[in-house]
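In structure tokens, one chain follows: the form predicted alone.
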């Protein structure tokens, strides 16, 4: 899980990493109230999971509250394919003398960690690593030994820190390792870490946490839950996998591979799915019903059910379909393909309810195409 800047900074603050003063705006409803509480000029930073936000025009400077309001509204309305602006940070402008890069990164294949630092931090750090790799300092260490003060001191010295800045740099590097270790992070990054007249501060941050550690990391669980959409929360509660897409055909299938293969078939025929939904093996009547209920909320032009029964029983699926169509009178047209365990019983139930059913997936897809053209 990749954390956005404001999420990373909340953690940085808890661990005592120095930050510039900032506030977070979580929705457009908060813009007027929160922008009044800040002094200007200030930097307005959209919180969105893309790189190079500044180059994309998603980080700008506001000279006064009026400009801040306009920028916040602009950012919340920005449409970036596949992404949304989740929040906005308003932060004081730091008086920057020098920008640095620093991070703790996991090398999973090498079973070690790296402290990575550079004197050339900022938005072009990727280009620096490609064009001038000698400008990137990497110091490896094992988990069992951890990042020692001597190693942190060596890195801070190579960056040219001295006096108070040397000790502050050492403290920041050690705190990054403390965060990585405690939260089981794959990456904890400050870019840039800037030198100001008052010392070092982190003006941007990024973290990547291990999803597989969620069961023992409450922060990962909370962030996962927060990032779920209404539909994803419903799917999680009901116990099936769901991803919203942008097409017009609702999809219910069983098995991730079968569902993906169905989406590929639709794509090749120029048909666009409205979702990915794998109802899972051994799906109960209740789970299939909940899946259909969710799909109906998407308001697709048609629904395609593709069940290859192994553990999942076709008669159970048929019962759920019949019940859903009884309960939702405004349900879109449905095309159903059933084959596998108890398929005769399932087909008999559907035909008894005057519902057409196919045993070949291509025939079902062709029928969907006909329905959409009507």
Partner chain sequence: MHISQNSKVIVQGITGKQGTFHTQLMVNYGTNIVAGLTPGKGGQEVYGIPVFNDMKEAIQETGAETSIIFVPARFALGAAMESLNAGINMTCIITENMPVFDMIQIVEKAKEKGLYLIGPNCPGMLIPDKIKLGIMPSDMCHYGDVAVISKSGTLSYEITKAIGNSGIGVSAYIGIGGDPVRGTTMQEAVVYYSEDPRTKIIVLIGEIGNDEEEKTAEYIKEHVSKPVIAYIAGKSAPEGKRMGHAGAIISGDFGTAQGKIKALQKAGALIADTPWDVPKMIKEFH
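Keep in mind it's a predicted model, so treat the numbers as computed, not measured. Residue numbers count along the first chain shown, from 1.
Omitted here: the form predicted in complex with its partner chain. The next part is about that form.
Within this chain, residue 216 lines the site of its partner chain in the predicted bound form, having a heavy atom no more than 4.5 Å away.
Taking the partner from elsewhere, residue 276 is found to have a heavy atom lying within 4.5 Å of its partner chain in the predicted bound form. Residue contact check for residue 337: one or more of its heavy atoms lie within 4.5 Å of its partner chain in the predicted bound form. Within this chain, residue 263 lines the site of its partner chain in the predicted bound form, having a heavy atom no more than 4.5 Å away. At a distance of at most 4.5 angstroms from its partner chain in the predicted bound form, all three residues 143, 180 and 268 contribute at least one non-hydrogen atom. Contact annotation: its partner chain lies within 4.5 Å of heavy atoms from the stretch 105-113 in the predicted bound form, the single such stretch among 105-113, 161-169, 68-76, 85-93. Taking a 4.5 Å heavy atom cutoff to its partner chain in the predicted bound form, the contact residue among 230, 97, 286, 126 is 126. Contact with its partner chain in the predicted bound form, defined as a heavy atom within 4.5 Å, holds for exactly one of 136, 245, 234, 80, namely 245. Residues are counted as partner-facing when one of their heavy atoms sits within 4.5 Å of its partner chain in the predicted bound form; in 165-186 these are 180, 181, 184, 185, 186, in sequence order. Between residue 28 and residue 247, the Cα spacing is larger in the predicted bound form than in the shown form, differing by no less than 3 Å.
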